[in-house]
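Take a look at this single chain, the form predicted alone, given in structure tokens.
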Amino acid sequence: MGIWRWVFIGILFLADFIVKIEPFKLGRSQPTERISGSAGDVLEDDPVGRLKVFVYELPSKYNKKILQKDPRCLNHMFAAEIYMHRFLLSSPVRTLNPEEADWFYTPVYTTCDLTPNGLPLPFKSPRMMRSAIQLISSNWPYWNRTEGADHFFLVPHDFGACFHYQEEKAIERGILPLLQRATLVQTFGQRNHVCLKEGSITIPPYAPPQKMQTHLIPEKTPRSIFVYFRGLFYDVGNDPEGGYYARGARAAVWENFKDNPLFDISTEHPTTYYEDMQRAVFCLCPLGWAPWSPRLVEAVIFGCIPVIIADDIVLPFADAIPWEEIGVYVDEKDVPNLDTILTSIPPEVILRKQRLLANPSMKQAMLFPQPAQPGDAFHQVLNGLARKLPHDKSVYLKPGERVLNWTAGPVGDLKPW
């Protein structure tokens, strides 16, 4: 395939032609290309004045006390549920008058139950969510008017409101029955999957903005790494026979490219991980147990073209971010041809993707910063909710009418929390 010819061309390309993209910095101007058409306009929408949100005041056992018990929840990739709650409490879209609300939000921290290794345990989440819904339906009249059709919930688990980290078991469980009419805001997104209901809003996983800010490198640093990846290729502990984890895609990356000089891939996670991404042209973003991961956010923030290997994935804010223009999609079955696919992309196409990635609005939309900033992920969630208004009259139930089955689901979910 003429790999050495490409290496030679690549050296010239990296040395002389590649755009020196400035690392992300809030409020800093950057060489960029604006996203053309309606997508760029949508990304810069201001949701203030377009919707009003009522935040239920729940007992602290559903949120604050859980966080006090384990502050690690503030920094893991599922933390969007915590920061969205904090944001809404002081947001200008919040209303204290539920009668004028367009949307109702129930702050439940369902992922803040961590193992010693920091991984969330989803097993109590269904009972916790059911308990919160029972509480709001008993103490306020608004849930019962629509059985949740004008309510939204953050469910950033691996497979959203299916509440399990293994896909097979998540599919078996399905979405919690009491959430069938609500709008789900979740990191999981895959077309034609039982854990993604129509109308859901797919968001990026949480990545700590301040931490990434401290790892910025000089903007003139050349991108001398062609393809970069750090992470597991096999999960021997949970998939000892292999082939199930990442549907074999990560294993195929390792088996085909571990000795390829264009590929800087390893299971080791160096202290220079963020710096290395800023030195790379392409960053692999393969599925793991779920199709999404923080690598997608990190790649966008650091201007590394994301190579998305996850069939049928629904990416964050897909109605606002033109992922086809900034990333590269590779089918899982085509992973053995990854080198040919990437080396065949013309330099001018790579340059344009980098210019689009340098757009501050693109980077801002992937982050949950503290304090919030215009156009950030918080505002993209609100934009998504605003675009669903007004609610169709059919979502409002007649007095006494019921649609949801409160006794449906696994027996274990029906136990008190």
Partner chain sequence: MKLSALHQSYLSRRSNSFRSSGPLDSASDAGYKSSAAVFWLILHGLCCLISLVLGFRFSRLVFFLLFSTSSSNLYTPPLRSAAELAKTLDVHSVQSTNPVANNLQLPFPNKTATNSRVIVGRHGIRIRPWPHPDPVEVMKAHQILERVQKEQRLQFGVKDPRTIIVVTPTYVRTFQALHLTGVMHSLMVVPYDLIWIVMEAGGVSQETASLIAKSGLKTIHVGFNQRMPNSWDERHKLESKMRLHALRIVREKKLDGIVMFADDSNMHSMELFDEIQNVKWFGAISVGILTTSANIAESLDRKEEEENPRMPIQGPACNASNMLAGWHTFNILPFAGKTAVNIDDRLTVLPRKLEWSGFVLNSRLLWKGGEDKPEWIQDIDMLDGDVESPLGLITDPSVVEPLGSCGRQVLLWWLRVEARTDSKFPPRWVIDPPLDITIPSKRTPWPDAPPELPAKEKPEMGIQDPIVKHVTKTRTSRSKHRSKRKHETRTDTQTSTRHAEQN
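Note that the structure is a prediction, hence the values are computed from the model and not measured. Positions refer to the first chain, counted from 1.
We do not show the form predicted in complex with its partner chain, though everything after this point is about it.
Novice: Within 4.5 Å of its partner chain in the predicted bound form, counting heavy atoms only, one of 181-189, 268-276, 99-107, 253-261 shows up; tell me which.
Specialist: In the other structure, the partner sits against 253-261.
Novice: If you check Leu74, Ala318, Leu119, Leu89 against its partner chain in the predicted bound form, which one has a heavy atom within 4.5 Å?
Specialist: Selected residue: Leu119.
Novice: Which residue, Ile66, Val53, Ile350, Ala372, is the contact with its partner chain in the predicted bound form, using a 4.5 Å heavy atom cutoff?
Specialist: Of the listed residues, the single hit is Ile350.
Novice: Taking His193, Ser224 and Glu332 together, does each of them reach its partner chain in the predicted bound form with some heavy atom inside 4.5 Å?
Specialist: Checked in the predicted bound form: all three residues contact its partner chain.
Novice: With the partner left out of view, is Lys169 within 4.5 angstroms of its partner chain in the predicted bound form by any non-hydrogen atom?
Specialist: Looking in the predicted bound form, residue contacts with its partner chain include Lys169, since a heavy atom lies within 4.5 Å.
Novice: Can you check whether Glu324 is within 4.5 Å of its partner chain in the predicted bound form, heavy atom basis?
Specialist: Result no; Glu324 lies far from its partner chain in the predicted bound form.
Novice: Does at least one non-hydrogen atom of Trp140 fall within 4.5 angstroms of its partner chain in the predicted bound form?
Specialist: No, Trp140 stays farther than 4.5 Å from its partner chain in the predicted bound form.
Novice: Applying a 4.5 Å heavy atom distance criterion, does Glu147 contact its partner chain in the predicted bound form?
Specialist: No, Glu147 sits far enough from its partner chain in the predicted bound form that none of its heavy atoms falls within 4.5 Å.
Novice: With its partner chain taken in the predicted bound form, which residues across 280-295 come within 4.5 angstroms through any non-hydrogen atom?
Specialist: Those in contact are Val281, Trp289.
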